[in-house]
Ligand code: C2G
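Given as structure tokens, the chain that follows is alone and in the form predicted alone.
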Amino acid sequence: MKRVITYGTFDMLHYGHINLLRRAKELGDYLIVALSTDKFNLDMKHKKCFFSYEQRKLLLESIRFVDLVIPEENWEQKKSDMHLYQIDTFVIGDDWKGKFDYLKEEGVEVVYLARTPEISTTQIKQDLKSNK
């Protein structure tokens, strides 16, 4: 069985997220999503989520492409996650291109997927704010 993992916040879930998850799942048999916790988002990524970790987790668990959701609590856990979950392929959006190439040293294929160009959570938040 080929295991794939991706990481992210997945706040205000939209079809760009679904496209990423679908394409990630197509690369293997079992897809794990490491979901950034509220504390990690606030303390390390400096962003506040609209939906809580538990709400975002519930949404992700409802998607047929996702087999398991785990918490992402720090930047450093990626390396240990590759071994703990016996990962074959690490997948993330291409806006991170090159940032996680070090995981290849862990025996993992690293794939950067193109984002859905016309949609982003940041853009949704900006559009909602300007329409007030």
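Being a predicted model, the structure only gives us computed values, none of them experimental. From 1 onward, residues are counted along the sequence shown.
There is another form of the same protein, the form predicted in complex with the ligand; it is not shown, and what comes next is about it.
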So which stretch, 62-70, 39-47, 24-32, 81-89, is the one near the ligand in the predicted complex (non-hydrogen atoms, 4.5 Å)? 39-47
Is it the case that F51, even though its partner is missing from this view, gets within 4.5 Å of the ligand in the predicted complex, heavy atoms only? no
Is L20 part of the interface with the ligand in the predicted complex - any heavy atom within 4.5 Å? yes
Just to confirm, T116 within 4.5 Å of the ligand in the predicted complex by heavy atoms? yes
Decide whether D95 counts as a contact residue for the ligand in the predicted complex under a heavy atom distance cut-off of 4.5 Å. yes
